[in-house]
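Shown here is one chain on its own, the form predicted on its own, set out as structure tokens.
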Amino acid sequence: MPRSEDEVGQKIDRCFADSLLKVTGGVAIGIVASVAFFKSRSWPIWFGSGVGLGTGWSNCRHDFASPYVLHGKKVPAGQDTQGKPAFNIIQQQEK
């Protein structure tokens, strides 16, 4: 079982790498748009980096808000009292 501080460290590393990738992609797209369409103005570069930073921030917030994701298999287990299908989740073993 991994320690909680290790999980937080992995999430921070993943957030940093994801945000850096998105900001870099936004800047690259901004540079191309600036040169190709906007007569070398700088606002597409800033806009692209802002969009990249915003999406990275949003992904990090989502990653830290989800406490623990169970990986498993959804198996039908019959019907509940209202006649709706019921399911059990069987947890997969980590390797």
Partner chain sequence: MTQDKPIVETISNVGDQVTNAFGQFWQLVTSKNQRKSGLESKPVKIDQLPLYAEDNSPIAQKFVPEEPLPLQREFATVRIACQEEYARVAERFKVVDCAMTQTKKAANRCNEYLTEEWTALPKAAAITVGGMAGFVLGLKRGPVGRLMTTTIGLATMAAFCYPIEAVDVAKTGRAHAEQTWHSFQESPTPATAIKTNLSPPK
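If you superpose the two forms and keep the largest set of C-alpha atoms that fall within 1.5 Å, you have the rigid core. Numbering follows the first chain given and starts at 1. Here the structure is a predicted model, which is why all the values come from computation and not from measurement.
Only in words, not in the display: the form predicted together with its partner chain, which the text now covers.
**Prompt:** Thinking of R14, L20 and G72 as the candidate spot, does its partner chain come within 4.5 Å of a heavy atom on all of them in the predicted bound form?
**Reply:** Every residue of the spot touches its partner chain in the predicted bound form.
**Item:** Stretch 73-90: residues contacting its partner chain in the predicted bound form, 4.5 Å heavy atom cut-off
**Value:** Contacting residues: K73, K74, V75, P76, A77, G78, Q79, T81.
**Item:** Did I12 shift 2 Å or more between the shown form and the other one, C-alpha, core superposed
**Value:** Where the cores coincide, I12 shows only a C-alpha shift between the shown form and the other one that is less than 2 Å.
**Request:** Note yes or no: does the Cα of L21 move by 2 Å or more between the shown form and the other one after the core is superposed?
**Result:** No; L21 is a residue whose C-alpha shifts by less than 2 Å between the shown form and the other one when the cores are overlaid.
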